[in-house]
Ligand SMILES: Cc1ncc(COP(=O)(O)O)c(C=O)c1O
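One chain comes next, on its own, written as structure tokens: the form predicted on its own.
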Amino acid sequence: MTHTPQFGGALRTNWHLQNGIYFLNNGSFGATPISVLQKQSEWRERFEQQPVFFTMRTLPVELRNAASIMGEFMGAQGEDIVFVDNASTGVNTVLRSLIPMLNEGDELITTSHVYNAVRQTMLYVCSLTGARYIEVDVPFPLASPEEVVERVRAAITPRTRFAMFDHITSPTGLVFPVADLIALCKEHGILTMIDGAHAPGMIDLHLDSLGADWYTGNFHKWLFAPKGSAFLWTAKQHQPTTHSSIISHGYSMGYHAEFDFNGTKDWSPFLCAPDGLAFMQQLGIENVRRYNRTLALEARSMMISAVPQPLPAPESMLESLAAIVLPCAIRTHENPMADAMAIHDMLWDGERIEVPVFPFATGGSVKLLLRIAAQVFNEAAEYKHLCDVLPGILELYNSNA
């Protein structure tokens, strides 16, 4: 692999990342560059200099300016974008807004690759409304993106009212064919929301032409913004009925009024989203994406050599994340997350490797997956170290099963 000279370990001094650790999990919370954190401090200082003036005069203008900048980057109009703390907040916002429209027996569908926080929110809304939660079993390993579409197609019924799809799945790191899934749902009159938690920065977005009813995503994962910086895009026809999860002064006064101010908080993560974007632009957006994808594919190749198995998914479905199936027995059937954390902790405590391990249910059984992330401060030697120690870690884990 030919590395871009400015990327890899030499770039790591731009972050506060601890020395001596193998940080292979940018996907969970991202990592904010020092320069962007400095911009965040400047916004906080401006707020403290005159909190009332900032909140009443400066904030409304600057939030809309930030929304316009981020909207242009994502192929959307800024007026259709509001800021939320994270993608889970965006999901809660939409699902709770749907409660008055749902009836007993209506069906809400998603796939088995859904992020657990989203699953729990859908279950909660179903418990309130009498709607049914349908989780379409999409396997992993997965043969093709078409398999996702066909499994969803087979699960749609006349009672299906709403569908939630991941753009890039959390446990398996796959890019789902969301445009095809949205088109399929439109054929059946089904409302669709896309959970794009990992998408902004990792892949090109064209929200205005995608066709979803709602789209949410994080700026703090792959776009270098501070933690707690995310957005909700809402199609214009749904904006009057999409209400902030915090009902406040702006209720029923319009989309922006409901979201732009709903109580005192730290707005600096939202205002710094353009600074995170600017940091990525300085590195070269396509350079970053190319480097991360190449590194993720190389890392996956090393992992499936260290822990032999067929390719879990085609390369066309991967960008900056990659997951493999671990050959591990589930020891704690009532709580497989405990087994996942046991392996995670063995890697962290013994080797200072930060990498997530997930339980994943498919085909009536539960597997343990290990998922790596590739960011510009990573390099191939870090994944080689993971692969060197992983067989021994798994042998030790299995010997205690």
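Residue indices: 1-based, along the sequence shown. Nothing here was measured: the structure is a model prediction, and the numbers come from that model.
Only in words, not in the display: the form predicted together with this ligand, which the text now covers.
One residue of 112, 129, 242, 170 in contact with this ligand, assessed in the predicted bound form (non-hydrogen atom, 4.5 angstroms): Only one option qualifies, and that one is 170.
Quick one: from 58, 41, 28, 65, grab the residue that has a heavy atom within 4.5 Å of this ligand in the predicted bound form. Going through each option in turn, the one that passes is 28.
Where, among 253-261, 149-157, 305-313, 80-88, do residues come within 4.5 Å of this ligand in the predicted bound form by heavy atom distance? Within 4.5 Å of the partner lies stretch 80-88.
Using a 4.5 angstroms cut-off on non-hydrogen atoms, would residue 118 count as touching this ligand in the predicted bound form? Residue-level check for residue 118: yes, a contact with this ligand.
Taking 4.5 angstroms as the cut-off for heavy atoms, does residue 320 touch this ligand in the predicted bound form? So residue 320 does not count as contacting this ligand.
Considering non-hydrogen atoms and a 4.5 Å limit, does this ligand approach residue 218 in the predicted bound form? Residue 218: yes, in contact with this ligand in the predicted bound form.
Non-hydrogen atom contact residue 223 with this ligand in the predicted bound form at 4.5 angstroms: The answer is no: residue 223 has no heavy atom within 4.5 Å of this ligand.
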